[in-house]
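Next up: a single chain in structure tokens, the form predicted on its own.
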Amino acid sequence: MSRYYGTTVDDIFDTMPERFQPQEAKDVDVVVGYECGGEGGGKWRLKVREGAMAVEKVEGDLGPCTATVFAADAETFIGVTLNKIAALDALTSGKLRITGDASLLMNLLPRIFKPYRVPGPAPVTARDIVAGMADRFRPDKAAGVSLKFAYDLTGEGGGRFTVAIADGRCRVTEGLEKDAAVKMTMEASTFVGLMTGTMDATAAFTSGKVRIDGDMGAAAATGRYFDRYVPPDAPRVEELLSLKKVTSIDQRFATGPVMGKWFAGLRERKLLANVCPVCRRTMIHPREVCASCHVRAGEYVELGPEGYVTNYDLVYYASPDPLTGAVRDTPYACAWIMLDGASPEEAFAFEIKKEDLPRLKIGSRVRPVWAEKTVGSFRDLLYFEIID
């Protein structure tokens, strides 16, 4: 039995009774014959009369028909039925031929039969996904992790589950255990969409479709401990093997005198800004020309090194690196820091120490943390930490 485009000729004719729309065929009295050559082909006769229909497979002669369709092979017949092959192209190439009343096929049959659709895989339920979490667990990614998180999945196919990770093992149980570090509440359909990749995670969280109670960091980390869920009926695709490597050429580039001054300051663990001679604005990073006054700024001052946080962005769902595809560990925060001595227009944007994120707030006093050896590079400044 030949299968093209995920179906067979028999599939198309076997589903005709359920696709028939009798209300559209009350005054119809026709007989249509089908003859399909090659492997997977055969002969069928369709009778439609006064709102009723019957289709049968024929071994011998089709007998008298109002119209007859001749297809050279199963692929052509299936392709035309699914609109994968244009009917006009099949007719002009001779792979499809019609005798009798051709308008019957173009006008009447599309009206009295619903289009044939290739049946999809069995629907995935939230319970199916949760039940397989232990099998998809990756102990190599959870070394030293002791975490318990719960799902409260509402709606059809949902339920309440607790997933516990400890000692390199994963345990899934029914019910919400009270000592779970985080509980995620959502519709079962939302959970299925997130796990199968048909729903964007960021959109789901920001739109309120997912509610998180407890440790947000623990919620963000859960995905890394499991292989991606793949529906059992999903078609197997060819695996793409790749070697992830960032192309790097060992060479140096001149940054110019202004940025060169900035990097020279980093080597000495100083945060340098240049000052506009007109408005006295401090610019950090230094720029050659003041954007407000349009004059060159050649005077340099050292700011900070301490300051206070004026605002910050706390990131829980990081975007992939465009070069490597890797995703940063979350959460992390970029803060706007008003260094001591800076003008009000010039906050310095940099990262905050990860361990300090739980107590980070606007107004927190911070100071820079430097690399053990500074060489005049953007890697010299590691992050800012909160001053106790």
Partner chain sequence: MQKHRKNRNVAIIGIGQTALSSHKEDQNQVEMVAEAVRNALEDAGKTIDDIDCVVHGNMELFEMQFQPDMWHALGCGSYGKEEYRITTGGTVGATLVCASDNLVASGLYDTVLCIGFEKLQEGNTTGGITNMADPLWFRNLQTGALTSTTAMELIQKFGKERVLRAAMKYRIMMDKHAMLNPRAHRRLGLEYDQMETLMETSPQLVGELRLIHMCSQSDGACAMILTSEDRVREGTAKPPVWIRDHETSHREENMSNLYGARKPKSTHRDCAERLFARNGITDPLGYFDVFEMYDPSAFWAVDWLGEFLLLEGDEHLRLLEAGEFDLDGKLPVNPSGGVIASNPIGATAMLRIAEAALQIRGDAGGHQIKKEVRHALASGFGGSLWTVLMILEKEPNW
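Residue numbers count along the first chain shown, from 1. Please read these numbers as outputs of a predicted model, since none were measured by experiment.
Although it is not shown, the form predicted in complex with its partner chain is what the next lines describe.
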According to a 4.5 angstroms non-hydrogen atom cut-off, is residue 183 in contact with its partner chain in the predicted bound form?
-> no
Do residue 113 and its partner chain come within 4.5 Å of each other in the predicted bound form, heavy atoms counted?
-> no
Consider residue 287 of the chain shown here, and say whether it contacts its partner chain in the predicted bound form, taking contact as heavy atoms within 4.5 Å.
-> yes
Contact flag, residue 266 vs its partner chain in the predicted bound form, heavy atom cut 4.5 Å | yes
Options 47 to 55, 341 to 349, 22 to 30, 61 to 69; stretch whose heavy atom lies within 4.5 Å of its partner chain in the predicted bound form = 341 to 349
State the residue from 301, 278, 216, 259 whose non-hydrogen atoms include one within 4.5 Å of its partner chain in the predicted bound form.
-> 259
Looking at 196, 173, 222, 311, which is the one with a non-hydrogen atom within 4.5 Å of its partner chain in the predicted bound form?
-> 311
Heavy atoms within 4.5 Å of its partner chain in the predicted bound form is the criterion; list the residues of 299 to 332 that meet it.
-> 308, 310, 311, 312, 313, 314, 315, 316, 317, 319, 320, 322, 328, 332
